[in-house]
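First, one chain by itself: the form predicted on its own, in structure tokens.
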Amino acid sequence: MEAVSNSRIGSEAARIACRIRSATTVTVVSHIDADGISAASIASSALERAKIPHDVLFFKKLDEAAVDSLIKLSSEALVWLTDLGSSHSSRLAGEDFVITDHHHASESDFAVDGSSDQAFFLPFACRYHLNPHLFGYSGDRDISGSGLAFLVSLGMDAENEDLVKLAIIGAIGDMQDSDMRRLTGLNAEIAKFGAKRGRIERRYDLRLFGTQTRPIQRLIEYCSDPMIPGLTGDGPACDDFLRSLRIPLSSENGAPTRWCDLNSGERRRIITGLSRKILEGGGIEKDVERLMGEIYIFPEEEVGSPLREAREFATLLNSCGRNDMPELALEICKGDRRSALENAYSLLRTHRENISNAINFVRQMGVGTKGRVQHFHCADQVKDTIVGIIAGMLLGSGEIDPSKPVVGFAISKEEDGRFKIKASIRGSRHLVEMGLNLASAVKSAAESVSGVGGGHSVAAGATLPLGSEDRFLAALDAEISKQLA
């Protein structure tokens, strides 16, 4: 982290930290996903330790009405936006706003220095704005919103180093390790920093979700990245597979065996067996490689707890945020391991049921195609907060065409009581390598129907007027066709 602190992005984080420390009161504003909740928790913890009075507000999205409310609020407190705000930086200008966000900034708010190709914010944009895209880093894979909040927290006080695990949870929650099967860029520097201080254990291991909590047969049955021929989606076949490898399915007391319960020899047999299944089923070496990667363990958490491994921790936070209880997740991030955690476990079960029901609903309704775009519409039958999760799961499952981005629609109720359409769009890393940039494509398509949109190259979202879905799809297809021409 010394290299980061001495860099331009580190210097800017330190400058922003000074502004925050000078504030008499602060309002932290963040998104409801795992990265946003982690970022807000870092900010809140750092402010609490600095004895700066503060509140925390969560938003599903930052629309014009929300921005208006924040402008009014800034007359009473410094507003610190984490994991959102960059697309509105020209309106959040002056001394009373801080933005630490990794999403693409509005192109009207920055320019490029021709002598260095370095981006910089124009004078009318927010003065205290930390965004990786302006320092030559990718906000899709190099650092997340929580990572940026962590850099600022270190600038406030070096004692905030224990917040490092929240930066990792946020990055994993935003799937920034997906492409390389490990964290890279500034995320990797943050992970190394945490490992040196004993806060994080970096381990090369199986990347399947649920290594701490799921029975091993379910771990394999639900695997979709990569698909395991003959095993994915087939519970009895997974049982037979494990028995053939002499892997006990339960312990002596009858508890289901989890991956974290196995010894190294048992783990090697399973990995070898899964690799063979992939290759015999027509897979290639790259598919086998997807099985393994770097995972991030938090040694102070109990073995078998969803809080012990970053991906499961992030999913727990997402379950709270997507079910309208981000404040509960905030308490867990800040150390509550009693009532808040029990309530979160209950929400996690509800979250999984909601996702399962939503997947089945979309399967029954079917997925349509318009040019280079796939789409489905959940109307009011699925919560708008999980449509993006469903889109991502379908795209990675092999059930729909992986060569085309997928758009999920749902009806969303706005803060003012009006109804609009929420669109969540997901693409693949392969398409991004070919030129796909959903952030710009979705922004342009949404504006063409009087909506708003943005996000990342591989994942984006939009809020649209009712009845504009077909026109939005046509505009999005045209934008993506140009990008992939």
Ligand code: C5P
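Keep in mind it's a predicted model, so treat the numbers as computed, not measured. A residue's number is simply how far along the shown sequence it sits, counting from 1.
Below, we refer to the form predicted in complex with ligand C5P, which is not included among the displayed structures.
Remark: of stretches 49 to 57, 22 to 30, 64 to 72, 417 to 425, the one touching ligand C5P in the model of the complex is 417 to 425 (heavy atom within 4.5 Å). Contact annotation for residue 309: none of its heavy atoms lies within 4.5 Å of ligand C5P in the model of the complex.
Of the heavy atoms in residue 468, none are within 4.5 Å of ligand C5P in the model of the complex. Residue contact check for residue 459: one or more of its heavy atoms lie within 4.5 Å of ligand C5P in the model of the complex.
Taking the partner from the other structure, ligand C5P in the model of the complex has no heavy atom within 4.5 Å of any heavy atom of residue 226. Checking 175, 358, 341, 270 for any heavy atom within 4.5 Å of ligand C5P in the model of the complex turns up a single hit: 175. Only one of 129, 103, 404, 375 lies close to ligand C5P in the model of the complex, with a heavy atom inside 4.5 Å, and it is 103. Contacts between 316 to 337 and ligand C5P, taken as any heavy atom within 4.5 Å in the model of the complex, involve only 322.
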